[in-house]
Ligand SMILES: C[S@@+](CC[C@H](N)C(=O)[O-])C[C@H]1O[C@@H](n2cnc3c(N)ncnc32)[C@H](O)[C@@H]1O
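Take a look at this one chain, the form predicted on its own, written out in structure tokens.
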């Protein structure tokens, strides 16, 4: 856990965000569904210029407060409804961890297409999302879950730096299957 996250009572950054930073040089990054900023702050510490978005105005306010208190110049927190799929800028890295399952199920593929369209050539997308499979039915009634192979199919033609559909544990201890993907857009 980073000192910054600890100082502000935040969870540590998602392990997949930390791992992605081993493959991706600092660039303009988007943290989609940032909540109170645990991943955005970490990316900022790693030298990324971060736009952090979430539909929860209170969480964005908390992150804006941390950014102001700490004098952080490379994290910009904004209220944004991800369901709108209307990104206004292009990014070298888009992180969307444990976010898709809270979106409108009818909008998820449009949101992913918007992420892909706003990723610069050679840029990367990181997605971690709950799954609901025959072998591992999802124990939580999320609005959206992925099926086997669904995420990989949406990223045909991208270079898979990492892809798995493994069991994982939520913060609350619930065991469920997650699709985890780090993919690079063709240059």
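Residue numbers count along the first chain shown, from 1. All values derive from a computational prediction rather than experimental measurement.
Absent from the display: the form predicted in complex with the named molecule. The rest refers to it.
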Using 4.5 Å between non-hydrogen atoms, is residue 99 touching the named molecule in the predicted complex? yes
Check residue 35 for me: does it contact the named molecule in the predicted complex (non-hydrogen atoms, 4.5 angstroms)? yes
When the contact criterion is heavy atoms within 4.5 Å, does residue 56 count as touching the named molecule in the predicted complex? yes
In the predicted complex, residue 103 touching the named molecule (heavy atom, 4.5 Å): yes
Please identify the residue among 81, 76, 109, 90 with any heavy atom within 4.5 Å of the named molecule in the predicted complex. 81
Looking at heavy atoms inside 4.5 Å, which stretch does the named molecule contact in the predicted complex, given the options 66-74, 27-35, 114-122, 156-164? 27-35
